Ligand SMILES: Cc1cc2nc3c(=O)[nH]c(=O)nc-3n(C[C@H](O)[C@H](O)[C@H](O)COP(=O)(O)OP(=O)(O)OC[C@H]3O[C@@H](n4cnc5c(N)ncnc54)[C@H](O)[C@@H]3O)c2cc1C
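What follows is a single chain, given as structure tokens, in the form predicted on its own.
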Amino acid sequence: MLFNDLLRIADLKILSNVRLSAYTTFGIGGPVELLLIPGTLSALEQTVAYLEDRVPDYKVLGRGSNLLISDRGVRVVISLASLDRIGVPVNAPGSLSGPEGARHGDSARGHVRTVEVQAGCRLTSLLSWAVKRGLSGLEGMAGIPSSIGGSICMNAGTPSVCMADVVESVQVTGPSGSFWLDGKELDFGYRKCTMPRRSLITAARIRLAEDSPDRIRERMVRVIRSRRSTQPAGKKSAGCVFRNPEDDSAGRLIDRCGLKGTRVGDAAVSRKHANFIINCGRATASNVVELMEQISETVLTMAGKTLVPEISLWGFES
């Protein structure tokens, strides 16, 4: 096995030659030579430091949404799926003391609470955790199948709320270790944020407001119903494929160009939401890329608008 020294890192799970299709919401992806799954921050720090000079182009995987991996795969991937804890130690700066702090692991400031969550945690898991405790602020993103780290990197959100609105600070990890950054230092923009070079998000402190669990739950139900009525819920996809052009909607443009239902192999433009590409069975990454190119060329020709991919593309470098 390559990189035998990685075997010496405690709490690091190592898988070799597995297909990444099982790790993406698209159900598409070629093999990875090494899939590294650290179980602790220390294991992650050691892994990142080891790979820095040996495989500087390693990839970082959250929950596999907003992602298309090439059919030929990639060399090395670090998965953050096991780093999914919610809450902070009671003796952390600003944390609650006493039984409530020990039970919830969050910090109170008037009617606002700051919750610390690791980057591999599912956004849906944090929402479920928060609603049970009467903590509001994320329900506008109910149903988004993303990890916390991935949602911050992409500044995921809706017209009503995005991650930039709730992120207080982030923990980033690089070859020299881990440190915290104020959320303002990430310079959030539309579906992006600015990260220090050669670093990844490993945890975040999220600001949530106290509210009635019933009211939060009602808002979540409305959001999920709306999402299901307008998006292809339950289908294999990577979410919205293209970013919205300024003052326009990618889905509207694709629909106006008559591209709903257009198909390449088992990859098809959703008939419910034109900015979604669906894996109808055994779609390959090549099918999806060909369909994306067809969509882009048609929209540019017919509407005069350039579409930029929103999804991340791995393994397509020449």
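These numbers come from a predicted model, not from an experiment. We number the residues from 1 along the sequence you see.
Unshown form predicted in complex with the named molecule; subsequent notes refer to it.
Listed stretches are 129-137, 189-197, 242-250, 214-222; the contact stretch with the named molecule in the predicted bound form is 189-197, by a heavy atom cutoff of 4.5 Å. Residue contact with the named molecule in the predicted bound form: residue 47 places no heavy atom within 4.5 Å of it. In the predicted bound form, the named molecule lies farther than 4.5 Å from every heavy atom of residue 164. With a 4.5 Å cutoff on heavy atoms, residue 183 does not count as touching the named molecule in the predicted bound form; it lies far away. For residue 60, a non-hydrogen atom is located within 4.5 Å of the named molecule in the predicted bound form, even though that partner is not displayed. Checked against the named molecule in the predicted bound form, the residues 119, 74, 170, 115 give one hit for a heavy atom within 4.5 Å, which is 119. The partner is absent here; in the predicted bound form, the one residue of 86, 208, 81, 144 having a heavy atom within 4.5 Å of the named molecule is 144. The partner is not shown here, but in the predicted bound form the stretch 137-154 reaches within 4.5 angstroms of the named molecule through a heavy atom at 144, 145, 146, 147, 149, 150, 151, 153, 154.
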